[in-house]
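Read the single chain below, which is given as structure tokens and is the form predicted on its own.
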């Protein structure tokens, strides 16, 4: 037998022996986990959010976006109760997850020290700026609630007439709701030309008549809301019944209502009906009522997994898709660099997601950028307003000027 033939046979034998010794190269399963309110308070946001996360990871696996490797995401309902979230997180850690998706402001703050001890990167559904203070491992998906509320106040200051506009803030009675209030007051102290007349923590009351009449008597023209859709819808319906909703921005003797991320979207229009007309809202997400690649991608994903129309058009479905996109992209980049997919490497990949390495998901109005000094993902915000029963874009994406000044 010729030498070449002997070498080929020997090589084949060695490869066969190596296969017996080492076994076949197996596809890997990377685990991640999500704890959130699928039921209970804020489930109107948590339910579509969970479906967005689930659907995007299903797409990753079915389309083999990580090759033969797959992502398993364990999703558990915590009913918006921090104690349940903590138990879920402890069990998730026993499963060896390298990145974690949390939900509420209260549980994110409550588990902040745990995240530091475990050195695990965390992407919450909460955009509370306080999540970032004395923390290294929490990565906000988009601009913080503080930036959203201050951005709305800046729009009021820049587009109102007749002196310093009087503003009331209508908030959720929780850490989630209270989060941006101090930052807004700091912005005012730094020169933002609005007067914060009153901060209203809403209760479970079904009638806001007394509150609205009090605000009107104080000369309030603008109400900035930071809560969830249901209480805002109640507020708008009461304001409409009292004839207080402004027909145009800043109409004298009336009130113009504005809101941050969790106050708006199609759910608000469904709940408030005609009373939602002229409601101004800001978020960093693209929405399906504004044509574009983001709307097309969201609707196609929802259709693929047979989601109902309400879910398909929810900005919180997009929210869930986006956090799953970021987690996947961190894994994809680590794998592309030949790195093990573990907590440390994903943390470093996320911190390197800036400049030429910025991540551009079609679900948002700007790129996702992180670094060790900037862990709020999408810095840009888009202002929307309800016209003719649907949200339309107002101007181009923007950033808050005063948020840069106070932080």
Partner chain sequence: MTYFLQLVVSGVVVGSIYALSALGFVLIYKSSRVLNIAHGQIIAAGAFITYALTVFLGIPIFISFLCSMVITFFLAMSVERVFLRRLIGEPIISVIMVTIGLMSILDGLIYLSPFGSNNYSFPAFLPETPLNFAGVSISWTQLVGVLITAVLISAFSWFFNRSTVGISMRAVSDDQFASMSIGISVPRVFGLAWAMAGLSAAAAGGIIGNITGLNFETLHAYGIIVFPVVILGGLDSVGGAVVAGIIMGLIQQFAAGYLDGNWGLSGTANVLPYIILLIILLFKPHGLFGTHEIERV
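Numbering follows the first chain given and starts at 1. No experiment lies behind these values; they were computed from the predicted model shown.
One more form of this protein should be noted, the form predicted in complex with the partner chain, which is absent from this view; the next part is about it.
Screening 180-188, 130-138, 320-328, 235-243 for residues having heavy atoms within 4.5 Å of the partner chain in the predicted complex returns a single hit, 235-243. Within this chain, residue 113 is remote from the site of the partner chain in the predicted complex, having no heavy atom within 4.5 Å. Proximity of residue 96 to the partner chain in the predicted complex falls outside the 4.5 Å heavy atom cutoff.
A residue is said to contact a partner when one of its heavy atoms sits within 4.5 Å of a partner heavy atom; residue 267 meets this definition for the partner chain in the predicted complex. With a 4.5 Å cutoff on heavy atoms, residue 252 does not count as touching the partner chain in the predicted complex; it lies far away. Using a 4.5 Å heavy atom cutoff, none of 303, 309 and 364 lies near the partner chain in the predicted complex. For the residues 39, 342, 357, 371, the 4.5 Å heavy atom test against the partner chain in the predicted complex is passed only by 39. Checked against the partner chain in the predicted complex, the residues 334, 297, 271, 196 give one hit for a heavy atom within 4.5 Å, which is 271. In sequence order, 210, 211, 213, 214, 217, 218, 229, 230 are the residues of 210-231 having a heavy atom within 4.5 Å of the partner chain in the predicted complex; the partner itself is omitted from this view.
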